[in-house]
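Presented as structure tokens, the chain that follows is alone, the form predicted on its own.
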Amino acid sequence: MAELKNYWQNYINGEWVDALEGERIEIENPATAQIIAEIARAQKSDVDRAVVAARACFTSRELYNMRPVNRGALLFGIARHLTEMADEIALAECLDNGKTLAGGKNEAMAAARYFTYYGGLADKVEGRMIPLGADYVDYTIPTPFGVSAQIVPWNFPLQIAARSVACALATANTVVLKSPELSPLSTYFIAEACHRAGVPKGAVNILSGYGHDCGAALVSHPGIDHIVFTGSVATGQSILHAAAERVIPCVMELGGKSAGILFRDADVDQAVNSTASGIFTHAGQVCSAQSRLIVPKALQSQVIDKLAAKAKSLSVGPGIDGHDLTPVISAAQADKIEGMCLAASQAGAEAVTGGRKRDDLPGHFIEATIFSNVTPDMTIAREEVFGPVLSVLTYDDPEEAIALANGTDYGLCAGVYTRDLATAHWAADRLIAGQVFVNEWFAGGIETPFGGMKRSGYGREKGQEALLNYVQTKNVGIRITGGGGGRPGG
């Protein structure tokens, strides 16, 4: 097995560099609570250096002037190098993020797939001709914004970085990306892959730092033109305030409190297994997690018994040992989750199983948790927990189920469990969510657009539609010399 190195530098202007202030951030293994590595701590001076490099690269027009097919080939090269480093990436994802080795390997392959997918689209971003009559030629140019500031979260840092970096490069933008200080290591493999693939210096710059200084300096920097953010609503609001000062366009993928509706005709066993995958994958630390299940009152006991049995069957422990339920990212996150569970119990919800930290394990583990007797006014039913905690609510009629599902400030995902196609279409049309999964939570893929409604954000990542968030339309109108629609002179 590959070994994890002890110290990681930032990547700026095509070089691996220490932080100018010389400070470092310690990286913890959430499965053991032990320090496993250090990373250079980027601050404002490092952000300045990275933005200057990205601006110089963009101004040189090296990416923009490439034939788009050659930009695509560059992305294919990045994908190839990521694939070659998949085992190293898997170990990094396992040790600094808590995933299993298999899960880390999947992250590496998904990241590579983003670069091949958008590499294949680089030569298909087209403008259009607009007919204005005989005396005019009018056309549009899809134009890159410039320097794209990108901030990725700690739950899936590699995949989320890959999807935005790939879109930016495919459309000839340059990038300064801030990786999450809690689990930054896997994003640096994107930098290494770019380095090996010969991406122009300054086109991709990757830093690690804290949000209050590095992140804040990046989103408020006068040298950026575009912001991509995935994270909490509160942090997103702060970034939007900074963006508003300079009228910077943003892509915002924020939180969720996504619900699946189980209809009376559903395959209950299939719905239970899908729900378990939706809430217990990566210990529930997924923006699009299925954190609520809305069931008919007549099926409540049956569904809860099956869910509880499923939750109790999951093995809990370090991802490197292949356990089903892996750690949450930090002690603070574990404390927050347990606190929300205790508050839910005090509010009248019943923890059918779980609800507490696993103090018998050295890392940060939360039991697989199922709450019943949840009412829509409870915090546990309204606010994002970001942990392996499912709230079960009940309904009498389908309209009530839709109202419950739509009854939060969020609109990232929703789900429908039914055997009836008409019911599936009816519900999907009424659910307020950027993605609706039918009979399989997380159905879809890199090809399918992803993003939120309401306070879950705006703009779309993934799929062809994502590229539209990385270009702006320039219109060129030309009056033909001579005009009048007459014949050319002799």
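Residues carry their position along the shown sequence, with the first being 1. Keep in mind the model is a prediction, meaning the values are calculated, not measured.
Not on display, but discussed next: the form predicted in complex with a small molecule.
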| query | finding |
| --- | --- |
| Full three-residue contact with the small molecule in the model of the complex, heavy atom 4.5 Å, for 261, 263 and 423 | no |
| Contact stretch among 253 to 261, 120 to 128, 396 to 404, 311 to 319 - heavy atom within 4.5 Å of the small molecule in the model of the complex | 253 to 261 |
| Interface membership of residue 386, the small molecule in the model of the complex, 4.5 Å heavy atom rule | yes |
| Proximity of residue 216 to the small molecule in the model of the complex, heavy atoms at 4.5 Å | yes |
| Residue 450 within 4.5 Å of the small molecule in the model of the complex, heavy atoms | yes |
| 4.5 Å heavy atom contact, residue 115 and the small molecule in the model of the complex | no |
| In the model of the complex, the residue from 290, 205, 171, 179 that sits within 4.5 Å of the small molecule by heavy atoms | 179 |
| Single option in 230, 187, 148, 275 placed near the small molecule in the model of the complex, where near means a heavy atom within 4.5 Å | 230 |
